[in-house]
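One chain comes next, on its own, written out as C-alpha cells in the form predicted on its own.
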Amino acid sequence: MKTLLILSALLLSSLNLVAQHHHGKDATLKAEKVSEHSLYHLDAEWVTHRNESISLSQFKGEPVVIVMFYGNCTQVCPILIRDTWRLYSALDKSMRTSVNVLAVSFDTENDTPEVLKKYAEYEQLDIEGWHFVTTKDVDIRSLAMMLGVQYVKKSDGEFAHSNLVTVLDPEGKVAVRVEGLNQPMASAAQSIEEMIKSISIQ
C-alpha cells in the first residue's frame, strides 16, 4: 500500500509536468523530482535481452546504473547509451564486476527481448553485468516515476523523454543523477567506487 501511495503521488506530479514541458516536436523532457524510497520495493519481473527473468531487488547490496531509452531512437538514445558506457568504463576495471547496468526500454511494442539482444550486440554491450530489459507498460511507468524520468509516446511513434543516467546505492535508493547528454561522468564514477569500497570494508 505504501508503494502504491508513493507511485500515485509521483504519477500526478509527472502528468502535470508532462503537460508543462511537452511542446510540439520537442523530444526532451526535463527530469522530475526523484523518489527518496528504495526502488527495491517494486516487485515487477523483467525480461532481459538474454531472455532471463530478473527483479530489481536481486541487485541489492551493489550499486546499479539505470538508463531508460528505446531501440528505434536513432538520435538521442545512442548518445545516452554511450554516456552510460562512459560512466561504466570510467570505473576501475577491478570494480566493474561489482556493478550492474540496466538499460530499460520504454517501447514495449517493438523492443522485445530478441530485438534488445540485437541492439546490445550492435552496440557491443552484450557483456556481463549489462542487462537490456523490458516488462509490462505499467511497471516501466512505475520505475520511471520512481527515477523521475518522464516519457510520452508521440503521434509519430517516437518517444519524448528525459535524458537521465541514474545510480542506485546498495539499498536501491537514488544516489546520483546525471541529466543531459555528453555530461562529465568522473564524479558519478567516483561515487560508485566509494560505494564499492564501503561495501568491501563492511
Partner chain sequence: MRSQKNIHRLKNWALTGIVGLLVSLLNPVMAQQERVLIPAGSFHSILPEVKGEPISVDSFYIDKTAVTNEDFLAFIQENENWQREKVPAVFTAQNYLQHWQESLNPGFDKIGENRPVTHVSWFAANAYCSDKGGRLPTLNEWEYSAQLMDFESIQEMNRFSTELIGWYSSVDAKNTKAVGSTQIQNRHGVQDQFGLIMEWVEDYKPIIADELSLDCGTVGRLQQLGNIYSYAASIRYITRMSFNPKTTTGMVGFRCAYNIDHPESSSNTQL
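Positions refer to the first chain, counted from 1. The shown structure was predicted, so the numbers you read here are calculated from the model rather than taken from an experiment.
There is another form of the same protein, the form predicted in complex with its partner chain; it is not shown, and what comes next is about it.
Selected contact from 60, 50, 41, 177, since only one has a non-hydrogen atom within 4.5 angstroms of its partner chain in the predicted complex: Exactly one residue meets the criterion: 41.
Does at least one non-hydrogen atom of residue 54 fall within 4.5 angstroms of its partner chain in the predicted complex? Residue 54 lies outside the contact set for its partner chain.
4.5 Å heavy atom contact, residue 171 to its partner chain in the predicted complex: Contact check for residue 171: no, nothing within 4.5 Å of its partner chain in the predicted complex.
I'd like to know if residue 151 sits close to its partner chain in the predicted complex, meaning any non-hydrogen atom pair within 4.5 angstroms. Contact check for residue 151: yes, within 4.5 Å of its partner chain in the predicted complex.
Is residue 145 one of the residues lying within 4.5 Å of its partner chain in the predicted complex, judged by heavy atom distances? Residue-level check for residue 145: yes, a contact with its partner chain.
For a quick check, can you give me the residues of 153-187 that have a heavy atom within 4.5 Å of its partner chain in the predicted complex? 154, 155, 160, 161, 162 sit within 4.5 Å of the partner.
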